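Structure 1 and structure 2 below are two forms of the same protein chain, each written out on its own as structure tokens.
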Structure 1
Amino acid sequence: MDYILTTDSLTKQYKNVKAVDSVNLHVKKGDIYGFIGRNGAGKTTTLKILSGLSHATSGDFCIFGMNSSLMRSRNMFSKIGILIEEPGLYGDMSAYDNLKMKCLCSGIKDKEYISKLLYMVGLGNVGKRHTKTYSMGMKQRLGIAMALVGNPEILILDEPINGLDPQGIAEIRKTLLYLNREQGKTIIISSHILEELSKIATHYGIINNGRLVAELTPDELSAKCESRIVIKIYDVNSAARLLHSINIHKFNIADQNTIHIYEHIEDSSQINMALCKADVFVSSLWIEQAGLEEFFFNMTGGADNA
């Protein structure tokens, strides 16, 4: 496999707590890798290690075919654009000045470079304004522009859509898809907004309590997110007995009015008819596919943790 980034038992320990525990990530060139986990799962710590801001306690990672020591000695972290947590900006300076400083630090001298970046993220007209006057969405977009300085091959974005309104989220999504599809950038993105992530991610990694619990493609995820018949019913016990009598055993009682059936999906009308004939009143019945969110809850120990 042509991986641009892999980790090998990456571990970060703070005193007695393992924030990241033997994580093995695999990211292919051109991926949009959705990194999913609840608060404190170890997402940010992992991303900080991968972006060179933190040191791993044990284990290592390989980016562009180089391990962490080689990455450091060859200054290859400059080929990784990062936006970790909220964007780090000088509030009493303009977006232009903030970008200018990073350009100076990166050795970029092109005078048009900053303007191009600002237009790319939709801040072309407000580049001279102090960033403390920016909305959250504008700051996030400027944070992405900061990450793009130096034309990095990999973008590591930690919760870039946190706190944004739907329009802001859509704008960030559009920008990320443009960067991935038009400029071929590999993007590792963590987010809590799972349904939003599912619109752009080409791979998923799910982390829980510091451990990577699953790594899968959208197709694998669809396969795991089984289709089911959802029946809203008044008497679940009678319905359960009837389902057993017609040889349907793969179902569960979700609550006192709901049954989920995971087999004979194509026979939903016959099931409905059978229930009606047995005088079990069905208020509604439909077929649905469990989403990423439900799968995530199952993988990380339930909705209470999310």
Structure 2
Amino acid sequence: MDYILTTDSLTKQYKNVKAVDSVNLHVKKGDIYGFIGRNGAGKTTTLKILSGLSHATSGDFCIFGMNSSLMRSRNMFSKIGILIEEPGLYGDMSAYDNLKMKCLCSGIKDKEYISKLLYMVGLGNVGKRHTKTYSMGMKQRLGIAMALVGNPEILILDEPINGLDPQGIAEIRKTLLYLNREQGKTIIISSHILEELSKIATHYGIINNGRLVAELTPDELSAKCESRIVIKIYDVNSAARLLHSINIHKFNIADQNTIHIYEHIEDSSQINMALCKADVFVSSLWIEQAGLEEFFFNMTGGADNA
């Protein structure tokens, strides 16, 4: 398969702690690759290495068919636009002038080019305002515009929706979809908000404690979020014994009044009848699909890592 970016046992160690531990990513051209993990899981460290801002302790990566050494010698990191953590903006300068400084550093002197970037990220009508008056969402969109200077093929965005209100998140989502679908940008976007990334991502990588625990397509992720029978009940211990007696073993007790069953979904009515015949009172029963956030929570260790 033709990948625009891969990593080979990428590792970053600080003394006795491996912030990134033998990570193997696979990103295809045209992907919106959702890089998912809790805070401190290793997302930012990985993205800094891929951006050329940090060096790996061991392992390597390949972008555009070149390893990290060749990328540096050929100045290919200029083909990667980055927004790591917060955009570095001068608050007393306008968005236009912030972009102008970045363009001049990149050898770009075309004024129209700056205006086009501002309109591309939805800031065309506010480009003359000082950025200190901008909302967080507007600052993030300007940060994306800064990352787009030089027309990079890949965008690496670290938590661009973190701390935004729903409107700000929607604005960033619209911008990213435009850049991907209309401009052909490959986007790697990190976040710990799986539900939001599920609206735009074409592939996912899930990292936990520095290790990549899964790479999934949206269809594979949906399949992992399996359906279940939810039973609200007063005596969960009696219900659990009854379920074992009728050869239902794939279930868990969610709380003192709730059981989740993950097999024989089509037999929910028979299960209800069996419980009633055994005088185990059921207050309610329904079928639902486990949420994406719950799947992510389970994949990253649940309460053990909270």
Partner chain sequence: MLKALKMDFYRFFKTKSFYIILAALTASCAIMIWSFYITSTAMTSDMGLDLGESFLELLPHTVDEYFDAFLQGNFLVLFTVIFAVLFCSAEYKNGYIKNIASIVSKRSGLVFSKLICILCAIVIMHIITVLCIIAGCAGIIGITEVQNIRGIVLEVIWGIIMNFSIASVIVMLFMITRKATFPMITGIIYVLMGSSVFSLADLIAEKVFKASDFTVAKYTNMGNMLYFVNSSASSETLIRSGIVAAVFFALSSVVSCILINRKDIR
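All of these numbers come straight from a predicted model, not from anything done at the bench. Numbers follow structure 1, counted from its first residue as 1. For clarity, a rigid core is taken as the largest C-alpha set superposing within 1.5 Å between two forms.
**Q** May I ask which of the two structures is the form predicted in complex with the partner chain?
**A** It is the first structure (the form predicted in complex with the partner chain) rather than the second.
**Q** After the core is matched up, is the C-alpha of D267 off by 2 Å or more between the two structures?
**A** Yes: D267 shifts by at least 2 Å between the two structures.
**Q** Taking the rigid core as the reference frame, is the Cα of F251 displaced by 2 Å or more between the two structures?
**A** Yes; that C-alpha moves by at least 2 Å between the two structures.
**Q** Comparing between the two structures on the rigid core, is the C-alpha shift at V280 2 Å or larger?
**A** Yes; V280 is a residue whose C-alpha shifts (by 2 Å or more) between the two structures when the cores are overlaid.
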